[in-house]
Every structure is written in C-alpha cells, then in structure tokens.
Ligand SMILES: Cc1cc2nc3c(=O)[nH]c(=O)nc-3n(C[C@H](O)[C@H](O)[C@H](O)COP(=O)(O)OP(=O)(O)OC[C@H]3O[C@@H](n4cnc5c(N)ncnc54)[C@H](O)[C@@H]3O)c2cc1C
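In structure tokens, the next block holds one chain alone, the form predicted alone.
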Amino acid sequence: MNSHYQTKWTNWVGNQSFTPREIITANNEAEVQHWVSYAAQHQLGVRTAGTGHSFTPVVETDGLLLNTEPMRGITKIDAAKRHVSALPKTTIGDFAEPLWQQGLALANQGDIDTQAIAGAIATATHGSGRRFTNFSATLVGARLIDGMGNLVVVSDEQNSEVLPALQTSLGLLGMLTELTIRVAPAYNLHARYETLPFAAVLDHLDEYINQYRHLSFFWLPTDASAKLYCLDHGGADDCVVKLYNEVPADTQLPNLPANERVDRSYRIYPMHYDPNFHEVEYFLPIEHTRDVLHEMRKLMLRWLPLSVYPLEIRTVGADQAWLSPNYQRDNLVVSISGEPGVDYWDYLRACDSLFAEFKGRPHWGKLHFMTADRLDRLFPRYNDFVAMRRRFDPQGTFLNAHTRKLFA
C-alpha cells in the first residue's frame, strides 16, 4: 500500500524546502514505474530524494515526490567480480559490514557516510586521493525507470553506451531502482593527523598528494574554527591534515602515538558533522593547486576575516563520466562553508569568479553559479548528456526549475 500525503520537504541544513503536490511512498520497482508513468501521462514533474544532503534545489518539484525509503539494502555481492548491487536508498554506511564479511570494501569514502548511494552517484560525491575516483565512476550497472515509465537495464551487455551519462546524471535520465558498483578488496587504513601552519603544508604538498592514499585538510581562518568542526586543536592559519595509507586488512600497529590510528577503512573515513553550514565546492585542475590555495586564502582573509568556517581541501582522480567534475582530469577540490542565515553571497560570487579563472567545475550537490553556457564550456560532453537526457525523458518529467535552466 502506498501512502500519499502533502507536506513540506526540507533538506538536512534547511536551506532548501518546498511543498510538492504529493509525497508518495514507493515500496518497490513496480510502484516507482507506476508513479512515473502516471506523472508522465498527467504531465506532472516527479523527483525523489536521497537523504537530503544536497544544498541545491535538485530535489524540488511541484509535482510528485517519491519517497523510496523502503527501497534500502544490499541485494547481491559478487566477491569474484568485486561487484555489489543495492537498492537506491542504501546508505554508504550500509555497505560497511556486509562487504567486510566478504573480504571487500568501498574503494574510497568521504567524511559523511549517511548519504543514499543513488544520490551520491547522481551528484558525484567523493572522498579524497588522487589515485581514486568519486562514487559515480564506480557505477557499472543499473535498473532505472525512464521519463516515459519504461524499465531500462544498463550493463556491459545492455545499453552500455548509456553508462557514462548515467554515472553522474542528477536523476535526469531516470529513477534508479537498483544499482551495481565496483568495490575493492578489504583494507585497513593507517591514519595520521597533523596540525601544521599553512606554509608548512604547502612545503609538503607534493609529498602529501603523491605518497598518501588519502589527503585532505582543513585550513582554519580563526582560532575558533577547530571547535566548530569538532577538530581537536589548531589556531588561525593552521591546517588540520588527514593523511591515510592503506595497509592489509589484518594489520595491527601497537604503541601508535596519539595522532595516529589503524582500523578498518569504513571506521576511519567518517567524522562527526553537525549540519550547521551551507557549502560551495568546486573542482580545479590539480596542476594549479598552489596558485588556487594562495589566492583562496587571500580571498577569504579579505572578505571573511572573522569567519570560523574552515576551508576544506581534497584531491580526486579523473574519470570518464560526462557530467563528472573529474571528467578526464585529476582535481583539487575546494570546499567553502558559511553560516546559515548570514548574507555571504558577495563572497561566494567572488570565489566563483576566482574558480572560473581556473576552469572550476561544480559539485552537483553543493551551491554553485552555473549556467547552461558555462556548462557547455566546462564539460566537453555536455551536449551529449543533454541529448541523452532528451532520449530518456523527452517530456522533461524529471526536470525542475533548477535543472531545466541547465539541461533542458
């Protein structure tokens, strides 16, 4: 039985909210297919939400919002192929123990493991490390309902040409009902945490990028910054650096110093966050790392000298997904946060102008200032994606006001 109700939907930080015509609970693939067909026949928009971690209005609709919460869980693990299949609402954290029991693990993760896997893939959510891709690039197969209500299977054997468009699609090709991702052999991480002045981090940057599996750091603009993100210590112009290297799954290193630990990969990656910020995130060619960091630091000190919100820096490897910000290039990732309710848009636009100089591409789940013209210049396969979107959704059933401006 489907439940129907009308209420306001709000994302995790409260900067996006709307009231759809109806929120409908879909329990399985057949019900998703029914409601997408219904929406198409009645010329209604239809969207679905992961766990609401996007800061953009990507979920918004004045039509039907499908709640697929019952569609959660792993459906198959193929240890020989290192493939795992799951329902769309399965969270990143849900993969941890079941994969580990089969000698497997997610190849990389970010700081948060509560996102739904379908949403993480649709928006190119990522971890850190130049040798590793985002979640989108791990997608190897899927079942989806297209904009006419048809079931489409994408795999090596069927519709394989669709995969690079589907891997980062913002849900515009269809509604995923099951997906298959590539995973890795299980591994432990040896994690080291350092607090260093900004200048010292720059001195070691090449080493950090090339020698560590995972590099990320927070640059702290003020003395209060560390406490905000639940970091142990660090003052103004310090960086809290996370350096991880892979070790075999049975590795134990006794007598480690206080700033190091070894554990299963899925226990090391997540860190505690309160949803107390709005975020902009851009991906910039990694060869411009030093220039970007110097300019970003100067910009932040000029516009928000008293801000407590750290700047987060990561790296991500290249992939082949048409709308991935990492399409055919390794990137430096710059994440900027601000306080909800504070007018910092002039500062964000100044950052956007800086990133534009370096051909910065946006994270699809974070605030950005893209237009269709900019996307056409930044993404070599942009027009191919738009054509694929029209093929799978000729009526624009999955478009909303935000995505229509960018991809119609």
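Numbers follow the displayed sequence, beginning with 1. This structure is a prediction, so every number in the text was calculated from the model and none was measured.
Omitted from view is the form predicted in complex with the ligand, to which the following refers.
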Can you say which of 379-387, 363-371, 349-357, 23-31 gets within 4.5 Å of the ligand in the predicted complex, counting heavy atoms only?
363-371
Which of 84, 220, 124, 332 has a heavy atom within 4.5 Å of the ligand in the predicted complex?
124
Of 107, 154, 112, 181, which one comes within 4.5 Å of the ligand in the predicted complex, counting heavy atoms only?
112
Indicate whether residue 213 is a 4.5 Å heavy atom neighbour of the ligand in the predicted complex.
no
Indicate whether the ligand has at least one heavy atom within 4.5 Å of a heavy atom of residue 48 in the predicted complex.
yes
Whether residue 55 contacts the ligand in the predicted complex should be assessed with a 4.5 Å heavy atom distance threshold; does it?
yes
Using 4.5 Å between non-hydrogen atoms, is residue 39 touching the ligand in the predicted complex?
no
Residue by residue through 173-190, which ones have a non-hydrogen atom no more than 4.5 angstroms from the ligand in the predicted complex?
174, 175, 176
